[in-house]
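In structure tokens, the next block holds one chain alone, the form predicted alone.
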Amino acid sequence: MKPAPFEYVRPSSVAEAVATLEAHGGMARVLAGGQSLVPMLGMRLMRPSAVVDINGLDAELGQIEARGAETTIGALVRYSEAEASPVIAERLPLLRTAIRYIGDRQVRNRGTLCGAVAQSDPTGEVALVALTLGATVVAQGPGGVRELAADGFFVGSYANALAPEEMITGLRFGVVPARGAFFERGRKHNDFALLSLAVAATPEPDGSWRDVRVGMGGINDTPVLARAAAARLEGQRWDEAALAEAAQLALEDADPPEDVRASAEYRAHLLPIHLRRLLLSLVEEPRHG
């Protein structure tokens, strides 16, 4: 099937791109990597009045910047660029690990991290890491620049708090916990995740842990934080009993969906098993390098 007719616009600046979105009254869509948008256009699941191609705006949107404690990833940074970036490797190793679970090399060469956040797939790897690490989504619209916390940005399956006339210009991370780990389970390679998990925390010299963050994907209609599990582990030593209890507490913040890939019961069964193992891997990280 071919896309429905639309106007193709290639702006010369972010301001021009935003003006185009405003002129089309929320019916235009931004094209960056196109790994989600183009298939949806082809299947006519989306019929925008215009497609705004921002791929000529590398000077404004193509940078990975480290400023003080903050790391900002521009809207045109590809997965493969972030994966190979020394800045990401040093400052956001959890994000780098999660990128390796995304699609295949061809997808990672074209897809963008901010595009994934805009897509707001409840099983999306970048959305999950952004939530887990407390990132900020930077957007620009007719009213200027707006900053939205990842915790609250995702409001439903493939839905977010972005206004129709706004576009994401960057994803900003502050100081993150010292250690992180990521896990994803799908039926087969490159399939949508049945369950994905991201955990981050900082070990203390006395054996306790602080800044504990536990994120879950594919377990609700948005990526969610396992707040009860994190609270159980915050400031505590992580022995077997604590890890097992925290893994069970994660179910309090889960509302697993039922779909063609798995039942809600199966997802609920997988969650505590894999979360306990992932938390244990964080404890054992020095031994395993």
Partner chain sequence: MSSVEVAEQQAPSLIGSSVPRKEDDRLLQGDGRFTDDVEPARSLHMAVGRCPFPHARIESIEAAEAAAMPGVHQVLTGVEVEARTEPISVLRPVPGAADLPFYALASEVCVFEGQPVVSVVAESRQLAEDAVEAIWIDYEPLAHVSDPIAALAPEAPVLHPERMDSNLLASNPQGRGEPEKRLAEAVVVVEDSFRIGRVSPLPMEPRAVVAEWRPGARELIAHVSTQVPHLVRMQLAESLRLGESEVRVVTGDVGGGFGLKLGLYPEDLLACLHAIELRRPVKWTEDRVEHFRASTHAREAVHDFRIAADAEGRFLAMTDTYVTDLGGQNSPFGSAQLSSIVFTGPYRVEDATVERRVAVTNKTPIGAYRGYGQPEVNFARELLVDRLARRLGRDPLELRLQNMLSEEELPWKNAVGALYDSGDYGRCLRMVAERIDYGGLRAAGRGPRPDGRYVGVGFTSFVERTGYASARFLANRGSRFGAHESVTLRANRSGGIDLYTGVSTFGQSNETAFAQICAEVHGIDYAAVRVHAGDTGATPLNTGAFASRTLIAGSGAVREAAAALRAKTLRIAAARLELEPDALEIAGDVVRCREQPQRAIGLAEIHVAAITGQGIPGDEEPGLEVTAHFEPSAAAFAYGSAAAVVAVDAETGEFEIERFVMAHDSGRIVNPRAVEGQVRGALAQGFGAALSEELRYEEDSGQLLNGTMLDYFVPTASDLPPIELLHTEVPSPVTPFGVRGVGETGTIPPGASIANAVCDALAEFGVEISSLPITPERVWRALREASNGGEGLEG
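Positions refer to the first chain, counted from 1. Just so you know, these numbers come straight off a predicted model, no measurement behind them.
Keep in mind that the form predicted in complex with the partner chain is missing from the display, and what follows is about it.
Peer 1: The partner chain isn't shown here, but in the predicted complex which of 191, 90, 147, 206 has a heavy atom within 4.5 Å of it?
Peer 2: Filtering the options by heavy-atom distance leaves 191.
Peer 1: Could you tell me which one of 241, 69, 59, 260 places a heavy atom within 4.5 Å of the partner chain in the predicted complex?
Peer 2: When the partner chain is considered in the predicted complex, the option within 4.5 Å is 260.
Peer 1: Give a yes/no on whether residue 270 approaches the partner chain to within 4.5 Å in the predicted complex, heavy atoms considered.
Peer 2: Yes.
Peer 1: Considering only heavy atoms, tell me if residue 227 and the partner chain come within 4.5 Å of each other in the predicted complex.
Peer 2: Residue 227: no, not in contact with the partner chain in the predicted complex.
Peer 1: Is residue 24 close enough to touch the partner chain in the predicted complex, meaning at least one heavy atom pair within 4.5 Å?
Peer 2: Heavy-atom contact with the partner chain at 4.5 Å: absent for residue 24.
Peer 1: Answer yes if any heavy atom of residue 10 is within 4.5 Å of a heavy atom of the partner chain in the predicted complex; otherwise answer no.
Peer 2: No, residue 10 sits far enough from the partner chain in the predicted complex that none of its heavy atoms falls within 4.5 Å.
Peer 1: I have 29, 48 and 232 flagged as a candidate spot, so tell me whether each of them has a non-hydrogen atom within 4.5 Å of the partner chain in the predicted complex.
Peer 2: No: no residue has a heavy atom within 4.5 Å of the partner.
Peer 1: Looking at heavy atoms inside 4.5 Å, which stretch does the partner chain contact in the predicted complex, given the options 134-142, 181-189, 210-218, 197-205?
Peer 2: Single hit among the candidates: 181-189.
Peer 1: Hey, which residues along 31-47 are within 4.5 angstroms of the partner chain in the predicted complex, non-hydrogen atoms only?
Peer 2: The stretch touches the partner through 43, 44, 47.
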